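As structure tokens, one chain now follows by itself in the form predicted alone.
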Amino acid sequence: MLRPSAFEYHKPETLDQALALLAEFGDEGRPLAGGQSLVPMMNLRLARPQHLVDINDLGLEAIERDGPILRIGALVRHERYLTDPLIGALMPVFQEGVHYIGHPTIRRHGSIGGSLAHADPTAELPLLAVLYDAQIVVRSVNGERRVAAAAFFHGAYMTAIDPGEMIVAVEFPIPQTAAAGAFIEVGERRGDFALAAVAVQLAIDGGRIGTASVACSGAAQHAIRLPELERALIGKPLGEPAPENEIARIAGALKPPGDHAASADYRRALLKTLLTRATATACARAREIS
């Protein structure tokens, strides 16, 4: 039977109490939210925290618009994004990507803060945070700081979170002009870990692509942006097809990791296909709303 090593469970009543416990325990303490990633790792003894700090009742569950920012509390569960009107209206690519997260039970219990802190290299929410240039808000007893998503992920399961810190919110810039995009992912089975995924967001400016954001997972040890492809898209008339030759060249230069699930060559070919499809879909959707 798989079971975790011994640990102590703590149930703080306020955020300040939770932060004080995390400061006291340092590397030996971990926040516990949905537990969809942490608990399996503990059962396999890949993670052995000596203290779990349950943060589920600390009021970090709001989705709020504040001017040009959409702020999502760290404890918002994945399933809320599928019906939340702000997400659907302001960030449809985000909503599309959430459909690929695991299975209904995982979406019911998993939280955005937990997903970002876990930093699985092919998880959907880290990819979407990178796509949207999100700011990840972390707090400790020493105060609060914001870390850009592009700088937050240091590698597979490695982040910029320091001992004693926890994620309290994620802030997404809201597109200020009409925008369209697409999210496509491939795994061995629906709900499995992704072999690769691609997300594209295009802002429309007078019949052309004004700005572009393209991000992918499966190409490195964390989600990355593809600025060269973004530059190739900016300024393109919406009536033109996606630049397949540029996509093929850029995808061919990627150096994805190989593992038991897929070789590096397979992932490279898969990323080329997904980039082509996602970009073409985003361009088609942009034409529909222009």
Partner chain sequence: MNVTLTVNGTQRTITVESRRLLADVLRQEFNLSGVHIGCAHGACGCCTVHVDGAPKLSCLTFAGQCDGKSISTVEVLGGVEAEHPLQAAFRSEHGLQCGYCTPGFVMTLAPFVDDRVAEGRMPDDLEIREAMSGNICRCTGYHGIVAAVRKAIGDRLAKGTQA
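Fair warning: this is a prediction, and the values are worked out from it, not measured in the lab. Residue numbers count along the first chain shown, from 1.
Below, we turn to the form predicted together with the partner chain, even though it does not appear here.
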Report summary line: Only one of 167-175, 150-158, 107-115, 202-210 has residues with a heavy atom within 4.5 Å of the partner chain in the predicted bound form, and that stretch is 107-115
**Report entry** Site test, M42, R45 and N56 vs the partner chain in the predicted bound form, non-hydrogen atom cutoff 4.5 Å
**Finding:** yes
Query raised in the report: Would L52 count as touching the partner chain in the predicted bound form under a 4.5 Å heavy atom rule?
Result: yes
Report task. Using a 4.5 Å heavy atom cut-off, state whether L2 contacts the partner chain in the predicted bound form. Result -> yes
Requested in this report: Would you check, heavy atoms only and a 4.5 Å threshold, whether H99 touches the partner chain in the predicted bound form?
Outcome: yes
Query raised in the report: Given that the partner is absent here, does A242 sit within 4.5 Å of the partner chain in the predicted bound form, heavy atoms only?
Result: no
Query raised in the report: Ok, I247, L32, A232, L70: which has a heavy atom sitting within 4.5 Å of the partner chain in the predicted bound form?
Result: L32
Report task. Could you list which residues of 154-191 come within 4.5 Å of the partner chain in the predicted bound form, counting heavy atoms only? Result -> R190
